[in-house]
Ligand code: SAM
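Shown here is one chain on its own, the form predicted on its own, set out as structure tokens.
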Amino acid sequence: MEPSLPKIKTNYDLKEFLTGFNSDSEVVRILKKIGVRPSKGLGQNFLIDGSIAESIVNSLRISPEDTVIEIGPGLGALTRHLIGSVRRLVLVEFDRKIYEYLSDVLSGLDGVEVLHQDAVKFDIRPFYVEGGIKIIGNLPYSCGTEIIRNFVDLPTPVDLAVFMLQKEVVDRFCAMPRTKSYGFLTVIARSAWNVEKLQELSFEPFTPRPEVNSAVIRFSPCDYDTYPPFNQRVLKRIVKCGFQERRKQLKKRLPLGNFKWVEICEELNLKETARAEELTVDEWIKMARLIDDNPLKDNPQSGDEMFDVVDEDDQVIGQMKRSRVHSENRMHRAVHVFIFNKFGDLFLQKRSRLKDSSPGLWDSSASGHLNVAETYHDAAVREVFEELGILSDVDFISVIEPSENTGWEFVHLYSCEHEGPFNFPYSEIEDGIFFPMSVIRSWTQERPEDFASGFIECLCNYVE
């Protein structure tokens, strides 16, 4: 699809930009025109091979409905293959003069935005409203790893990512156990993503020529059943400790809590002399699950749990098992708690896919049913502790009447302030993050299907 050319007059030629700068002399000419001297510190090595650029873009599997963020577009080697092919293209450029050039030459193009920002600190949270995005970029060697972490660390709205960066770093992401490159980066990335090295590149397709070779890597999400549920915070803690001195035996390195190393080895069928680089990603995850000290980690909801059943005035009329309460749409009691940080951002949890209702959807910071004869306030304090691992009093906000959207629950809404971090049971919560309220409002309006209906009722009530 050919992009429509803008009528706005600029200082640069859009047709020339879309054709590309495919030689050293052309790149030098345009850089001189915009006043840029390539910086080693910024990793400014410009790709000049159009066929390689096209193959990299093709590996992103773009479609006309996609939202794509390109990191470090530079002179547009990848950009020109994206313009007109996706619904929304966001270019994140750190160099001010190149940003001004891109803003000028691309001004007026529908669906193209140019941002002058540092990709290491780029706030990706507003892009949840897109319902999934794709990332591409020729990353600087100096901070490529930090940029990748910012975009692919969970939780993230990214569905697919393709990066070109230093071959040595790509090899670390793709390494196998018992190799020198295998380490913390490998285990954490591959606990959530399928990681593929697509191609290797010498210095020849770039100007100025880099001193090391490059490679192209693709991240696609692991299938849900690739690994059992686990707590990412626990995994990161033990993997970091394990690889700090990679040649030492793990029994001398790991924070095991109440477990003894010999017990872990027996449970996971490991050698007592095992070192960090010898464990597979699967074995690291199994260990994280085992030593996770959350008392509710393996206790998803039970259909035999007893609830108070209430009438339309919220008066108790009896008790009934959870399974019957839900299947018969009986009115019962629940609490939701909104937890804010000092910036006014609201923490949302992503419900575990093991949940019997709204699995995998975003929900209030903490929520749950009242136990038999329990007060609303006590239930709110308990849920905050059980789901997030913090002790905090809560402030009453309002009552939400039962409806189909609340699951026929009388809901008392509470709030409190806390900065985290939180320790949640993987049987209840898959992940969580603080969001600005403006992002949440836009997101719920555009994609209500991403949320538990009870949360949307609470949010509407809170905003009103």
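Residue positions are given as counts along the sequence shown, with the first one as 1. Quick caveat: nothing in here was measured; it's all calculated off a predicted structure.
Omitted from view is the form predicted together with ligand SAM, to which the following refers.
When ligand SAM is considered in the predicted bound form, residue 93 lines it closely, a heavy atom lying within 4.5 Å. Ligand SAM in the predicted bound form comes within 4.5 Å of a heavy atom belonging to residue 45.
Although the partner is absent here, residue 70 is a contact residue: one of its heavy atoms lies within 4.5 angstroms of ligand SAM in the predicted bound form. Among heavy atoms of residue 283, none comes within 4.5 Å of ligand SAM in the predicted bound form. Among 77, 348, 239, 135, the residue placing a heavy atom within 4.5 Å of ligand SAM in the predicted bound form is 77. Checking 381, 189, 147, 331 for any heavy atom within 4.5 Å of ligand SAM in the predicted bound form turns up a single hit: 147. This chain is displayed without ligand SAM, yet in the predicted bound form the stretch 116-124 from 227-235, 116-124, 390-398, 312-320 comes within 4.5 Å of it by heavy atoms. Within 4.5 angstroms of ligand SAM in the predicted bound form, the stretch 135-160 places a non-hydrogen atom from each of 138, 139, 140, 143, 147, taken in sequence order.
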